[in-house]
Structure formats: C-alpha cells, structure tokens
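The chain below stands alone and is given in structure tokens; this is the form predicted on its own.
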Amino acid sequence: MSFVLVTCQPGVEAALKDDVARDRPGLRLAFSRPGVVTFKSDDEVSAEVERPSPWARVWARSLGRAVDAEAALAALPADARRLHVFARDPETAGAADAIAAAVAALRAVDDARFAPGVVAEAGELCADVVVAPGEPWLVGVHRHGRGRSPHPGGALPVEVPPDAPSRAYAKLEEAIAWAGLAVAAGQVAVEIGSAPGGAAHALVRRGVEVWGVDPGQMDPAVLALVGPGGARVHHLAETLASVRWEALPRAVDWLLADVNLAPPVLLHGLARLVPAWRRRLRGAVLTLKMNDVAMRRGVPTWLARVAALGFTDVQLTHLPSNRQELCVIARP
C-alpha cells in the first residue's frame, strides 16, 4: 500500500476531500489535519503523482513520518536533491522557527546531499518535509513540473507594495508567477470587477494599460498612477451586465475578472464580450467563487465553458492569496 501526501490552505480540506472522493475513488482518506491530508492507495504511488484536486498546494508520494533528521534522510531517495521544508500551517505560532530548525538539522546531518537554494527546476526530484511545532515531520517526494510552484510548500513569493489597495494585487502577481504569463509593457487589459484597484495597480506598474469595469469606486491613487510608457487605468462605472463592448478597447491582450458572481453568471457575461477580442487575446485570469458545494462540484462544467470562449489551454489552481475561490488561467 502506498500513500499520497497533500497540503492545502488550512480551511479548504473539506473541498479537497470532496474532490478526491468524487474524482479519485482509488484514493482513500488516511490522515487529516489543518493544512495537510494523506490518502492511501492500493496502487504504487510515484513522485510524478497526479494532482488530486485544484485545492492541493503540494502533492507528493508520502514517505511517512520522521522524528528527526536521520529518519527523514533515511526515507528519502538519494536523488531527491532539492530540499523543501515548509509549515503545515504557516500562521501557527512558532512555524518559522520550526522550519529553520528542520533545515538546520537536515543540512547538519548531510549538507552535501542537497543542492543550494530552494527554487526547483523542471524535472528535479524535491524532498518535501512538512513541519508543525511539537509534531513529527511528514516526509514526501515529488517531481517538479508544469502546474507546480517551484517554491517550498507551493508558495509564490510576491512583494506587495504598501500602497496596494487590495489583495487583488497579490492574486494577480501570483497568477502571473504560477503560470509564467508573458505580461509586458505596451499591452492592454480589461478587468471586470476592478474596484478598488489592486490588480489594476499591479498591471499599470508593469506598463499595461487597463480598462477597469466596476460600479464601485476605484482608489484615487490607482487612477492617478502612471506606469511605464504612460500606462494608466481607465474606470468605467458599470457592471458586467451593463457595460457595452463598444466602450471597451477593440484590441485586448488580457482579460481579468474577479467579481462576486456565481461562475455561470460570470461566464455568461464574459461570453458576450470575448468574441470581439479573440484575434489578439493572449489569455484570461478569472476568479471563480466557490461559495458552496454545488459551485465546487460544477468545476468541470465551468472549465468547459471557459474553453468554449476560445481557450485551448485552461488551468485551475488555488493561489496562496485565494480564499474560497479558485483561479482559472486560460490561454488560446
């Protein structure tokens, strides 16, 4: 019998378990704590294990528990040279100290075993060591590749400036980093649900011209911001339902949407706008609100509707700054 080790944002374990029970019947619940769930399988689990749910932050072959560095190193394969040590719940008091102590202990026993630095490269075998103050470590191994963060614990380090008006800044920057989006100066973006302006702030700083659609007020500092090449934010005080496509740019590189609408309502509204932009559109970053079980279980339908807008590469993930929501990144 083999096991799969899965970590997630504390609080979304129920959604993750529901996905696995529905879509991966070969995996059976073994262990669960805030921020981590393990599943047992009758089949052999490899380091290339498939992501069991978009709510999963890290997914790996589980190698069991370890009470100290020697036990952890004995469990790990010799070719797992990228060391990822991270907390089960980063918000727990003492989590940072527990990480530092585990890294120091592992490297003290066999520092030459691990490559310098923590950022994984494609194809590397990564050693996952999950720590929590006062608990044994959980040890796993995964192969880094597309759809995974290269940082320990699935983190996506983003520096948010103090004048950013909302967490939408972090969400967008995390989406760009996770998917490697080629967002560049001189491009044009339309953002549905732009107030108060966190994502627009991030885009203008990159030199992207933004048309923000939202009946709410934008932060005056965001509207006054001028980015590279003279990039600015243009605010249309409209809803998704009321905005006319004639009021928006004819050529758009990026579509963003983060509004308090159920996914079917959001996607119905976007279907009215997207056809006019297909010739140039490079991609979309859409936030889907997962406020109840019905919305979560409808994810395959929502992704099919995104694809029907003209996107052939549709990815889904739960970003570090997401709450009860998932991020769709779609490209032609």
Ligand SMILES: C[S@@+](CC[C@H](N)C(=O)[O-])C[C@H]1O[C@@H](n2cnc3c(N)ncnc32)[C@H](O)[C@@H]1O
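As the structure is a prediction and not an experimental result, all values here were calculated from the model. In this text, residue numbers run from 1 along the sequence as written.
There is also a form predicted in complex with the named molecule; it is not shown, and the following applies to it.
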Worksheet item: Taking Ala168, Asp214 and Thr239 as a possible spot, do all three reach the named molecule in the model of the complex with a heavy atom inside 4.5 Å?
Response: yes
Response to the item:
Only hit among Pro249, Gly193, Gly153, Gly227 for heavy atom within 4.5 Å of the named molecule in the model of the complex is Gly193
Worksheet, complete the sentence: Among 74-82, 194-202, 173-181, 105-113, the stretch whose residues bring a heavy atom within 4.5 Å of the named molecule in the model of the complex is 194-202
Discussion item. Asp258 versus the named molecule, in the model of the complex: is there a non-hydrogen atom within 4.5 Å?
Written reply: yes
